[in-house]
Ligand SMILES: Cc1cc2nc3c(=O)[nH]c(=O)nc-3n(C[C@H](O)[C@H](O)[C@H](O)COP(=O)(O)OP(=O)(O)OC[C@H]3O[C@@H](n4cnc5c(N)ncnc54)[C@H](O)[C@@H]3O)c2cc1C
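Next comes just one chain, in structure tokens: the form predicted on its own.
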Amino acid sequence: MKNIKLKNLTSFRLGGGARVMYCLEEKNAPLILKNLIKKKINYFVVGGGTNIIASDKGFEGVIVKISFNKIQVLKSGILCDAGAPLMKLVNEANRSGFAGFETLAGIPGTVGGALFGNAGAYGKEVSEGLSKIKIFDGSRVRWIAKNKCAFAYRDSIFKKRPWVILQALFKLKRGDKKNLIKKSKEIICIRNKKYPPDLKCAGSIFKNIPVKSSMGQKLIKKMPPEKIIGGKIPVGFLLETVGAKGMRVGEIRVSEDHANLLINNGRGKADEVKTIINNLKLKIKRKYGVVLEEEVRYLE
């Protein structure tokens, strides 16, 4: 595909253009990726585009989108293509009586993108039930075990290596179908109140801060105990204390309901997003002496 508008590929609905996009299928993915590397063409892999801030100037390289999205339910788990929507995986697991994904219901994006950033919610992370991942490592396709992926809070080895996730095998424990489905429905109701389906946003902008981290130890004495959730200090609370809610630059504003959420009011620009992000980081640095880390990725 040629002359792509990046705003149509991202949930934030902003960004310039890209001249070429390849939608990879399972059979042609390695060949196309090898050719891009051989020709030294810069490329950027996009999943559901749910946590990406695309440059107003566009992208000079090639956009690569994983299009294969099959899900196969096995006796002891699930084999899933990277391009499958995460919600599709949640539904398949619930219906098949496999526990572990029910609390991830409502998180947008693809399975590959979720593994890339080790997405999670309500104390669970997508990597927890993982057995191994099939990747393209720049020269060949191979499987790597979970313990080689360096998963951490909203982090993985895939943020540090130019590897492309192709498929994942999950080994899962059994659960009660009705209870799993019920739990997911409850969580979707909660999420839809926070994040209406038509909201133009990229989800949480900054990573929450683990209490055991150096930043967490620096902040812990300043935090009301009831604000610490799951061993993490919510950045949304910190941002509230510096008056972030309702801040606005152009068509981009901080949500009045959730200070760690930026919303595109209409024709927002990436530069406006960056301005707000930098302003928020500066406010937190001045008040608490720590530097927030973005959860979103920049496509530029």
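The first residue of the sequence shown is number 1, and the count goes up from there. This one's a predicted model, so the numbers in the text were calculated from it and none came from an experiment.
In what follows, reference is made to the form predicted in complex with the ligand, a form of this protein that is not presented.
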| note | From 191, 88, 148, 95: within 4.5 Å of the ligand in the model of the complex by heavy atoms is 191
| said: Just to be sure I understand the contacts: of 108, 77, 175, 216, which is the one whose heavy atoms reach within 4.5 angstroms of the ligand in the model of the complex? | reply: 108
| Exercise: residue 203 in contact with the ligand in the model of the complex, heavy atom 4.5 Å | yes
| Does residue 48 reach the ligand in the model of the complex, with heavy atoms at most 4.5 Å apart? | yes
| Does the ligand come within 4.5 Å of any heavy atom of residue 170 in the model of the complex? | no
| task | With heavy atoms only and a cut-off of 4.5 Å, decide whether residue 44 touches the ligand in the model of the complex. | result | yes
| query | Which single stretch, out of 207-215, 137-145, 156-164, 220-228, brings residue heavy atoms within 4.5 Å of the ligand in the model of the complex? | reply | 156-164
| field | Within 4.5 Å of the ligand in the model of the complex, all of 52, 116 and 295 (non-hydrogen atom) | value | yes
